[in-house]
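Next up: a single chain in structure tokens, the form predicted alone.
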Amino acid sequence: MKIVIGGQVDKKEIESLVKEFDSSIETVIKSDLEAAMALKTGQVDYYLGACHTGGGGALAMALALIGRPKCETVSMPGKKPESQKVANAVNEGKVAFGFTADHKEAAVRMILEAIKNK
């Protein structure tokens, strides 16, 4: 599995969280535009991104290039990620996930667990 890390903030930290979850997952860090293009062209399987709102800079380019049906805002300020909602999103075929930087530990774990259990 290959994951691209886009978004606006904490890219190295998100990559570390992915590697801590499963060191066999291939990761690459790119700008948000390059990351969305990598997902759109099939170079990677999933997109993770963080910003301060969870749905702005974290997902803007992914939303523009692959569309709302493939994207999910996992958390927003004051709204923590919920494992069942993340699992539903993965099972619905969503492949790009945005979240707030302060929720990155929970969001990355929930997303990866949902993908693993898909």
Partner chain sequence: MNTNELKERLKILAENNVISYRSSDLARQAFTQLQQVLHIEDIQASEMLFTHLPSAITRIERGEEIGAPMPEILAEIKTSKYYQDAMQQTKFIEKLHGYKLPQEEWDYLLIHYTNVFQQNEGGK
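Positions refer to the first chain, counted from 1. All of these numbers come straight from a predicted model, not from anything done at the bench.
The next section is about a form of this same protein that is not shown, the form predicted in complex with the partner chain.
**Q** Flag this candidate site as yes only if P69, E92 and A107 all have a heavy atom within 4.5 Å of the partner chain in the predicted bound form; otherwise mark no.
**A** Negative, none of the three is within 4.5 Å.
**Q** Specify the contacting stretch among 41-49, 22-30, 80-88, 61-69, defined as having any heavy atom within 4.5 Å of the partner chain in the predicted bound form.
**A** Residues of 61-69 come within 4.5 Å of the partner.
**Q** Is E13 one of the residues lying within 4.5 Å of the partner chain in the predicted bound form, judged by heavy atom distances?
**A** E13: no contact with the partner chain in the predicted bound form.
**Q** Which of the residues spanning 84-118 lie within 4.5 Å of the partner chain in the predicted bound form, based on heavy atoms?
**A** The stretch touches the partner through D102 alone.
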